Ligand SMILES: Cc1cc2nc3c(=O)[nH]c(=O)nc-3n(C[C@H](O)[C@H](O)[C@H](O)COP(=O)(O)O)c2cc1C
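This document opens with one chain alone, in structure tokens, the form predicted on its own.
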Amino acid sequence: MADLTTTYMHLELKNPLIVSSSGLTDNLESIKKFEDAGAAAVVMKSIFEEQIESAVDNLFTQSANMHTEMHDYLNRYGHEEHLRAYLDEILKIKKNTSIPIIGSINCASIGSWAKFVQKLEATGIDGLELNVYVVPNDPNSSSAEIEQIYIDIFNEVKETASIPIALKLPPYITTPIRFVQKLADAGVQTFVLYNRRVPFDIDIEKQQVAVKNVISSPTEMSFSLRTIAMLAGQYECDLAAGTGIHDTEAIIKHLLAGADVVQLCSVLYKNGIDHISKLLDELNQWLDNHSIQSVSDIRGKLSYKNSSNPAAYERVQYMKVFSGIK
């Protein structure tokens, strides 16, 4: 059997399969099942700043015409109480599991991240994923200004955190290679590619905005596959692939491109938690069939940096498909 061990976020993992942040990772029962199925690590379901703010707003709505002291008390109590349940669950998970547990936060504003990081660190989590999702819908904001938000958020967290930090990026950055370079220069050492875009849709019967196809499609993995192939080995950073990874073939492709780990979500919603065992068996079988001793032997083998034909990652692909070049 091949050696599947890998390193990610300074953590020694038994294999490259991580369960990504989702509704599947918000409780001890599910995470213990993931551990039993062979998952190397789990990213907790993100805690969203807006969730807590909404809960606090409900308290205020129920307590109209309150005096100032009561308002301050409810504001403080509401934030602490609704965050405590999340933190208590992590404490319980850390106590009852042995695989690394990575936290995940999503805040709506600069200045909010650090206070969440401090509380999450106190639970003993092994790392933290910044689930940043800035929608570029302001026509007055330049791409440089949008990118700076990510850098500012990381800098804010970096000043507070003492555990490894991963930054989860969106797929619609104008120049992802340049952007990663800027982030790496700022000190980011781990990237998750990518944060899946919210599937915008319109319900024509209700004539209102809707969300559709929350489960990813295997075709979506091309975004992360190309970017990881271009980035691998270029910077001193770890790379996690996410979105659209539905089978063992996709896992192997990302390892060949240079990913350190892959994050799984939709495939587990579709096939169940135990599907991780099947994917690991198939990965081992493929490595054995090709006489490969470990995943480290193939990692980055087909990255841009290691390619003898870098043009294959650029315009030549386009010309082959659309102009008939062979």
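Start at 1 and count along the sequence shown; that's the residue number. Just so it is clear, the model here is predicted, and its values are computed rather than measured.
What comes next is about the form predicted in complex with this ligand, which is not displayed.
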Please pick, from S112, T248, T123, T243, the one residue with any non-hydrogen atom lying within 4.5 angstroms of this ligand in the model of the complex.
T243
Taking this ligand in the model of the complex as the reference, which of S46, S30, N284, S296 has a non-hydrogen atom within 4.5 Å?
S46
Distance check, I215 to this ligand in the model of the complex, heavy atom within 4.5 Å:
yes
Is K94 part of the interface with this ligand in the model of the complex - any heavy atom within 4.5 Å?
no
Non-hydrogen atom contact S21 with this ligand in the model of the complex at 4.5 angstroms:
yes
Hey, in the model of the complex, is A40 touching this ligand, heavy atoms inside 4.5 Å?
no
Just one of 249-257, 141-149, 173-181, 215-223 has heavy atoms within 4.5 Å of this ligand in the model of the complex; which?
215-223
Heavy atom distance at most 4.5 Å to this ligand in the model of the complex, all of N131, Q263 and S266:
yes
Using a 4.5 Å cut-off on heavy atoms, what residues in 159-192 are near this ligand in the model of the complex?
K168
